[in-house]
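First comes one chain, alone, set out as structure tokens in the form predicted on its own.
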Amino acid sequence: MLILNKKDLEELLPMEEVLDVLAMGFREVKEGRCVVPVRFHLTVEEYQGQFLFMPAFLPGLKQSGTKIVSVFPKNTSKGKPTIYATYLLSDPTTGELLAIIEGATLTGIRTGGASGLATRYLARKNAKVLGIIGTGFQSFFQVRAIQAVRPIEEVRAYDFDQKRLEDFCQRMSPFIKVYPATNPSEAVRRSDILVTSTTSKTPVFSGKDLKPGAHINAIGAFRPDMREADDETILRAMIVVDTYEGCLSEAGDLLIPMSEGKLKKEAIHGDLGDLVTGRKKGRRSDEEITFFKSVGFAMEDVVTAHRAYEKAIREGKGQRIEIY
């Protein structure tokens, strides 16, 4: 059995390859060759946290595995990451455990990859300014993925936590021009592409600030009582989801306006699999505002984990152990 850590994954998973395996995975989903239950939540109310269990089986690709994730927003006050995760990659023909993989980095890479894939179909071709609201762990991977599909020249970033914002700007500055914003509006008004990556329960920006032709990747809110986008944004935008099943179960950005009678399910243009397979078109004009809502999908983990495992075996990376 193989153990792959953060450094291994960063070396094994260039973003261009991640986009390719995710596109392959979404095609499998659209063709009905994917078994992915809606993830199971275990709430730990005493510490305001959650555990999430995300299994997946792709029979056509002979891939299977389960991710175990913890999301504890108050960890930031303790100097710890909000998210911890571990991925268990298995052989679906025998049940054998093939690898234990550091799951937070895997999650960051595949979540960035999903946004990059959506951006490929939904953002304007000449989008050059990327806005980031919420500069925590996920933000770095979002920038990497979007840079892989669009000619990004600068990043406008905002976070209510000044220290976190400063750390992000310092980390990114060797790779791209980064400008800290003093408020969300300052970042949004300049952005061709906007990423929201927060755990907020209330909208984090005003839809009135969006430029014509802006594209939004809303990746942070992952529960029915959480939202990052306001009604103005949702009602102005062409909406694409990672999966209908996941978003119609968990995405407060959509479920809250639906419960208030402001949005109908039929208003959702399609899912990412529709775009990848060409069943539906992405952006229809340079003026259109597009909105990608992602709550995470276990297929993304298994195809990304499997690519890392295959390359690690081939290149002799990772740590081998015996537990049976």
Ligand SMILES: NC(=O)c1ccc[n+]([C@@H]2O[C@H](COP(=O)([O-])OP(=O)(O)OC[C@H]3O[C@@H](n4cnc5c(N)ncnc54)[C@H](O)[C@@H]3O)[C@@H](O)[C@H]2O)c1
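We number the residues from 1 along the sequence you see. All figures in this text were calculated on a predicted structure; none of them were measured in a lab. What we label the rigid core is the largest C-alpha set whose atoms superpose within 1.5 Å from one form to the other.
If you look for the form predicted together with the ligand, you will not find it shown, but the lines that follow are about it.
Heavy atoms within 4.5 Å of the ligand in the predicted bound form belong, among the stretches 121-129, 90-98, 147-155, 198-206, to residues of 198-206. This chain lacks the partner; the member of 213, 180, 136, 103 within 4.5 angstroms of the ligand in the predicted bound form by a non-hydrogen atom is 136. This chain lacks the partner; the member of 111, 243, 233, 191 within 4.5 angstroms of the ligand in the predicted bound form by a non-hydrogen atom is 111. The shortest heavy atom separation between residue 161 and the ligand in the predicted bound form is within 4.5 Å. Though the partner is left out of this view, residue 219 does reach within 4.5 Å of the ligand in the predicted bound form, counting heavy atoms only. Using a 4.5 angstroms limit between non-hydrogen atoms, residue 296 touches the ligand in the predicted bound form. With contact defined as any non-hydrogen atom lying within 4.5 angstroms of the ligand in the predicted bound form, the stretch 304-324 contains no contacting residue. After superposition on the rigid core, displacement of the C-alpha of residue 52 between the shown form and the other one amounts to 2 Å or more. Relative to the superposed rigid core, the position of the CA of residue 71 differs between the shown form and the other one by 2 Å or more.
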